[in-house]
Ligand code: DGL
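Given next, in structure tokens, is a single chain: the form predicted on its own.
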Amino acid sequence: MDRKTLSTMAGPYIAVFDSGVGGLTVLAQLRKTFPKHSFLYLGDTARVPYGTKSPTMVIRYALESAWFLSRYPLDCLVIGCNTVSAVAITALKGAYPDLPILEVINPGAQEAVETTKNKRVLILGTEGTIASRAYQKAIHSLDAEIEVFGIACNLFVPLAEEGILDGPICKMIAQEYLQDALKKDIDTIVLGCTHYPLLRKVIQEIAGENIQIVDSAISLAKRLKTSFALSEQEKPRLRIFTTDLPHRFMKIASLFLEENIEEPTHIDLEAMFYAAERREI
């Protein structure tokens, strides 16, 4: 599909897309790292979560999101979703070979390898990410001796999306997920879903202070800083799009980004994508 850039819009942008609010953890870190750069963010809130969807559906959703964002002038596209990073990266790079595309799994894996002391690492992720074994493969490509365990924590995503980030419900669910894995003498936990850093406080409390937590969002920001020379902008801008009603998203986004933001623009992504496809036929 041809990339039709909206050249009249401000930019260039770093674009981030995610299945919902989770990618805000990536966006927040990138904005701290590049405070004088403009950003686009697309949260596919109408179809969250991705982690329980089939690979075919995740690839379809990812291609639609990338199509929308690629219409703007971009420096790069950041996949702020571990599930998409695990199952759709090849399809995305094939569809947009001239667009730099970064994902969160390899930076997180690299930091896990550098962090662990006893070579026992736990990955917390969605069902799709854990089933793909993407983190295990990435870690073992760097150090085959590391033992990697994985747990699908699907209930963490709706908790984050609802803004339930602390309290007895969170602690009970985290305890249920972690109790058996903590008996395996792990020393490092990788937050293998961008929603999970929103629950980091609870996860750390259940895991204990001696276990190190790796946030892939932070790892990605470090890699982007060393990989790209981005020009500074006099008036950097943040534009946010959602595929469902933006009110709840706006509340959570303002809290996590620690500032009041413009109301996100609601888009019917699927209708736009297939209307564009019909015009091209």
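The first residue of the shown sequence is 1; numbering continues from there. Everything numeric in this text was worked out from a predicted model, so none of it was measured.
Not pictured, yet referred to below: the form predicted in complex with D-glutamic acid.
Asks: Name the stretch, out of 244 to 252, 43 to 51, 59 to 67, 217 to 225, where some heavy atom lies within 4.5 Å of D-glutamic acid in the model of the complex.
Replies: Heavy-atom contact with the partner occurs in 43 to 51.
Asks: Answer yes if any heavy atom of V157 is within 4.5 Å of a heavy atom of D-glutamic acid in the model of the complex; otherwise answer no.
Replies: Residue-level check for V157: yes, a contact with D-glutamic acid.
Asks: If we check D-glutamic acid in the model of the complex, which of the residues in 57 to 83 reach within 4.5 angstroms of it by a non-hydrogen atom?
Replies: Residues within 4.5 Å: C81, N82, T83.
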